[in-house]
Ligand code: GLA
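The chain below stands alone and is given as structure tokens, in the form predicted alone.
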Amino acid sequence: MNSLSARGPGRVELLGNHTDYNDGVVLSAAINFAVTVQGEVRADRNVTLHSTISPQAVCEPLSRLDKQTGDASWANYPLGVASCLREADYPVEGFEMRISSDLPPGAGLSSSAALEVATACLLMKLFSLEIAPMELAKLCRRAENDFVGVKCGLLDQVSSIFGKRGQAVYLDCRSEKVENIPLPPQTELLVFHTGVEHRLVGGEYNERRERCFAAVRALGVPALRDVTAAHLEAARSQLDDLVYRRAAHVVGENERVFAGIDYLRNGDGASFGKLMFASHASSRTNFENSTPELDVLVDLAHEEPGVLGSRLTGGGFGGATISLVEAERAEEIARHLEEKYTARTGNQGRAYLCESADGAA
């Protein structure tokens, strides 16, 4: 069989930080930086993986797809997808796959979900599988939850699959409703990688989840989605301070998403941008998933003419910020932020002007 290829875009989270696993709502966008995979069927029932990030190929028998460690851990994302497809009784056989990416590594732009989605799309092509888009997103999430071991929500996979050029992706994580909403006219998205790598395989992400779930138990509700800011404030004395602040971030993010949807529908980029700044302030104070470098960058963006809003994007703990900027000033803003960030921190950060993009193909 001739080689086939598939592409899974990365994503930026515009509003709705850490709301997805709390049955909340989120706004994101697929971007024109992506993971691309190319592959073909093998006759020997082995899975062989190659990546531009590693000189060492990974080869596993289809009958026993084991989790990799160390320098080969990048292979767990496609191996997890293959394993989950087989567990769901999809007829996946041996295959060989080559992986490349132009996503900035460690920036928190969901390269893991992009790789999962690209792998799943390639295997659908290679083995003539029919999988509905939401089912595909859930399968890729299962690979990350159960095989890789990161208890992520559904946001990243949905963003990579349901993206539309010029539009945001709205996801209601409870109803699993997905809607595309136009982004403000005459604006662009500016991703700035701080130079501090973003990592989620560790205790910080899972600790934040557990604090949120502790608030849910204390408040006697199904999820933080069911809590308003007023409700949370009235119950503050019942909660440990750390649990309260973690919950306050998620509750506030849900409210910002609902407000942000209205602003997007009205083409009001300035008001939407203010919500982005407020979101980052909450990440800094309540959720504590920011870093000094992210904070400096958002502060610099706030001072820069033409920046409507800025915040960390993704899980936090390093990585990148996302800014909504006036299109006519975008290149100038990118240059200024690079210069000022390096002067302030000594780090060599990098700005990426992005377009919102169509989903996986």
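All residue numbers are counted from 1 along the displayed sequence. Source: prediction; values computed, not measured.
What comes next is about the form predicted together with alpha-D-galactopyranose, which is not displayed.
Exactly one of Leu123, Val227, Cys152, Leu85 has a non-hydrogen atom within 4.5 Å of alpha-D-galactopyranose in the model of the complex; which residue is it?
Selected residue: Cys152.
Counting any non-hydrogen atom inside 4.5 Å, which residue from Phe213, Trp74, Tyr205, Phe127 sits next to alpha-D-galactopyranose in the model of the complex?
So the residue touching alpha-D-galactopyranose in the model of the complex, by this definition, is Tyr205.
Which of these stretches, 307-315, 320-328, 65-73, 41-49, has heavy atoms within 4.5 Å of alpha-D-galactopyranose in the model of the complex?
Looking at the partner contacts, the answer comes out as 307-315.
4.5 Å heavy atom contact, Tyr21 to alpha-D-galactopyranose in the model of the complex:
Contact check for Tyr21: yes, within 4.5 Å of alpha-D-galactopyranose in the model of the complex.
Is Gly349 one of the residues lying within 4.5 Å of alpha-D-galactopyranose in the model of the complex, judged by heavy atom distances?
Output for Gly349 is no: heavy atoms all beyond 4.5 Å of alpha-D-galactopyranose.
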